[in-house]
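In structure tokens, one chain follows: the form predicted alone.
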């Protein structure tokens, strides 16, 4: 008689894209931490058998969670950003961390350009003007700002930053960039974020999140950008000093902001809702069925490979 192969046990820290979660539930013995009434008791019961964890977004994985699962070997993240995972704690414990890079570059870059268009051309505001009946009663909508000929400064010229730059070039924009280290890119390089902002009409934030970039864009950078400059953020809300940004938008110290990310998602500051010079989205940068499906496939693949005793495909640490 054939022995039934037991499914590997994994912990889900949060809900994941439904088709991906369905695959995880089918292939693995999934334990939903986010449904546990008593997290400590839940983890204590699973500690002897759980070797992997699947996570997404802000749920991440901290050192306390890793300590509660001493057999943990792999953290498979749905998404490219791993700032909610304690990477140092994972390294110390010999835990592999994976993410889902590249498959979302195009969608996030599309969102970045959409935000640039909408904040500079004020398309959402002009549509609201039309729907309110003002075109017929008040005349044409106000004139806005062209993209062509303007300079976009990309703060973080990684894979997503490169994809954004390519799209911006197609709109007739010029590109500059700043990274921690200069790259062999064809674009002019600025030595710090303030210099990049000073030389740009649009500051595009595409850096990783985490402690190293926290509040990187604050008063000094926004002063350099100036009252005719726009800021677009598709990275992490933590990269911007949000109270300062709100103040500068209110007082017209910068021309506008296009934002897909915020400091306290999803409970963002209500002050954003009153600003006519801000275009805001609920963190939808990669949120298409196609892209989320590809991200999920990569998350699942990393788990499959690990449990098959093979090297994972997209290792972070």
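Residue numbers count along the first chain shown, from 1. Just so it is clear, the structure is predicted and the values come from calculations on it, not from any experiment.
As for the form predicted together with a small molecule, it is not shown, yet the points below apply to it.
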Tell me, out of 283, 31, 253, 51, which residue has a non-hydrogen atom within 4.5 angstroms of the small molecule in the predicted complex. 283
The small molecule: the contacting residue among 240, 202, 104, 85 in the predicted complex [heavy atom, 4.5 Å]: 104
With the cut-off set at 4.5 Å between non-hydrogen atoms, does residue 177 touch the small molecule in the predicted complex? no
Evaluate residue 60 for contact with the small molecule in the predicted complex, applying a 4.5 angstroms cut-off between non-hydrogen atoms, and reply yes or no. no
Quick one: does residue 295 come within 4.5 Å of the small molecule in the predicted complex, counting heavy atoms only? yes
Contact label in the predicted complex: residue 79 to the small molecule, heavy atom within 4.5 Å: yes
Note: the small molecule not shown here; in the predicted complex, the stretch from 269 to 277, 245 to 253, 41 to 49, 283 to 291 having heavy atoms within 4.5 Å of it is 283 to 291
